[in-house]
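Just one chain follows, in the form predicted on its own, and it is written as structure tokens.
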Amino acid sequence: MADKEMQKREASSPVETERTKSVKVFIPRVDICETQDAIVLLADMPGVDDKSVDITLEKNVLTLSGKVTPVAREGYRAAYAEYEAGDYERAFTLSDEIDRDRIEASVKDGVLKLTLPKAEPVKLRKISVKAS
């Protein structure tokens, strides 16, 4: 695996927002899997827990964001670091095939899991016409 694949990708602007603090923001890597009933997103967000992750759905845009507090080890100073701390942001456009009212999210060990249930297919409905 190339070194470039292992590095975090810094987000240029996944969501059109203005930043009020100078912290790096990364695009989390995401695996997307599909079952018969749902689409499952697994986002790698090391250092994020259930209190520091925020998921919003506005119009058709699902936005994931997570805040990470850098860990300072008492009595140590960094001589070399291969891992950078920073926040995470990523946005997805959802299709009409997703049931927005039943979306579920959980986080464990820095992995955010989103279950996006598929919407029921629209059934054909006969509309009666009344004479006036």
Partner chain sequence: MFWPELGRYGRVWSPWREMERLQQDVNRLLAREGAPYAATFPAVNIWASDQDVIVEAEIPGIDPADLDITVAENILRLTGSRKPEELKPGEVSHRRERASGEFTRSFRLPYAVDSGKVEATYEKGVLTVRLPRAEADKPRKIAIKSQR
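Since we're looking at a predicted model, the values are computed, not measured. Numbering follows the first chain given and starts at 1.
Beyond the structure shown, there is the form predicted together with the partner chain, which is absent from this document and is the topic of what follows.
Participant: Decide whether I27 counts as a contact residue for the partner chain in the predicted complex under a heavy atom distance cut-off of 4.5 Å.
Facilitator: Yes.
Participant: Any chance N60 has a heavy atom within 4.5 Å of the partner chain in the predicted complex?
Facilitator: Outside the cut-off, so no.
Participant: With a cut-off of 4.5 Å between heavy atoms, is E34 one of the residues that contacts the partner chain in the predicted complex?
Facilitator: Heavy-atom contact with the partner chain at 4.5 Å: present for E34.
Participant: Using a 4.5 Å heavy atom cut-off, state whether D99 contacts the partner chain in the predicted complex.
Facilitator: Residue-level check for D99: no, no contact with the partner chain.
Participant: Since exactly one of I103, L42, I55, L94 fits, which has a heavy atom within 4.5 Å of the partner chain in the predicted complex?
Facilitator: Exactly one listed residue reaches within 4.5 Å, namely L42.
Participant: Taking heavy atoms and a 4.5 Å limit, what residues of 81-113 are near the partner chain in the predicted complex?
Facilitator: In sequence order, A81, E82, Y83, E84, Y88, R90, F92, D109, G110, V111 come within 4.5 Å of the partner.
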